[in-house]
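First, one chain by itself in structure tokens, the form predicted on its own.
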């Protein structure tokens, strides 16, 4: 058994889940509801990247920038046009969740009308090479580096910058933050934009690795929620640790499934099992370990 390859694959899987889950949990930390349109925002990021790289012929780095900005814009518009007006009118958790499902439905079918529902693939071929026992692809390296940069960058923003401290204050006590002079609306706009932008980048990484469809985001939404719940939903630092755990569990699970003669397609059940176990025995997840951060 090539444990070095398993650990590396776990880092790749965990990196994708980390980017997606951090985006999800940042919004939850402020808005206090699970945004089910997260899946379609990830898909949109993938298609925006496809449009820039494949249909316009631009370089892939520009595709990632466009995916971030385009998805971030949708996050901003959805907050200003849907979720803020609902929250201002006293919408309940259920109302906000249903609104996010409706937004996801609209985005999914809009994507389908523009690019079709048939799967699309990127023509780019990423170079692969061997390093000792490891088989490595360049896009995997870029994904891991991106996840590290996102983690370090957000840690810096949350702990060292004015906007980061405002985000933490608003997440902890919105009314107290508002009375302290913090412009909570600007904080929310910034958070929604960055979160949706990161979701778009996660979607583009997924699309480059597999194929694009309007349902792309649903392939990784369950692991994303598993990471967010295990990390303690709303906890940025918990999500980082949880992404590593879920990535490792999923890849070790694939090996075990192969050894007992079961299809590796059941790998999607692994985060689901972890999600249920966490909700039953430790619903607060790892958040307690990072309380105060």
Partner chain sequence: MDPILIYAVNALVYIGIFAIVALSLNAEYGYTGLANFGKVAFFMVGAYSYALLVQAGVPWPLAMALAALISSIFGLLVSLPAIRLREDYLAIVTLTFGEILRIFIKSEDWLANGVWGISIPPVFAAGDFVTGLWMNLALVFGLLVACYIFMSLLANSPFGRIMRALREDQVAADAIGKNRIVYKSQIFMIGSAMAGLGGALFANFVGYIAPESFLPIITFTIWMMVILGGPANNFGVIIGAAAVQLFERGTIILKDYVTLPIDPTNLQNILFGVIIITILMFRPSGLFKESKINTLGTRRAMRWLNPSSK
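On a predicted model such as this, the values are computed, not experimentally measured, just so you know. Residue numbers count along the first chain shown, from 1.
In what follows, reference is made to the form predicted together with its partner chain, a form of this protein that is not presented.
A.B. asks: Which residue, 243, 43, 67, 229, is the contact with its partner chain in the predicted bound form, using a 4.5 Å heavy atom cutoff?
C.D. replies: The option sitting close enough to the partner is 229.
A.B. asks: Exactly one of 256, 268, 62, 56 has a non-hydrogen atom within 4.5 Å of its partner chain in the predicted bound form; which residue is it?
C.D. replies: If I apply the 4.5 Å criterion carefully, the residue I get is 268.
A.B. asks: Indicate whether its partner chain has at least one heavy atom within 4.5 Å of a heavy atom of residue 117 in the predicted bound form.
C.D. replies: Within the cut-off, so yes.
A.B. asks: Can you tell me if residue 109 lies within 4.5 angstroms of its partner chain in the predicted bound form, counting non-hydrogen atoms only?
C.D. replies: Contact check for residue 109: yes, within 4.5 Å of its partner chain in the predicted bound form.
A.B. asks: Taking any heavy atom pair closer than or equal to 4.5 Å as contact, tell me whether residue 37 reaches its partner chain in the predicted bound form.
C.D. replies: Taking the distances in the predicted bound form, the answer for residue 37 is no, it never comes within 4.5 Å of its partner chain.
A.B. asks: Taking heavy atoms and a 4.5 Å cut-off, does residue 11 contact its partner chain in the predicted bound form?
C.D. replies: Residue 11: no, not in contact with its partner chain in the predicted bound form.
A.B. asks: Report the stretch among 156-164, 215-223, 137-145, 122-130 that approaches its partner chain in the predicted bound form to within 4.5 Å, counting heavy atoms only.
C.D. replies: Looking at the partner contacts, the answer comes out as 215-223.
A.B. asks: Suppose contact means a heavy atom within 4.5 Å; in the predicted bound form, does that hold for all of 150, 169 and 177 with its partner chain?
C.D. replies: The answer is no; none of 150, 169 and 177 reaches its partner chain.
A.B. asks: In the predicted bound form, which residues of 95-115 put a heavy atom within 4.5 Å of its partner chain?
C.D. replies: Residues within 4.5 Å: 95, 97, 98, 99, 101, 102, 103, 105, 106, 109, 110, 112, 113.
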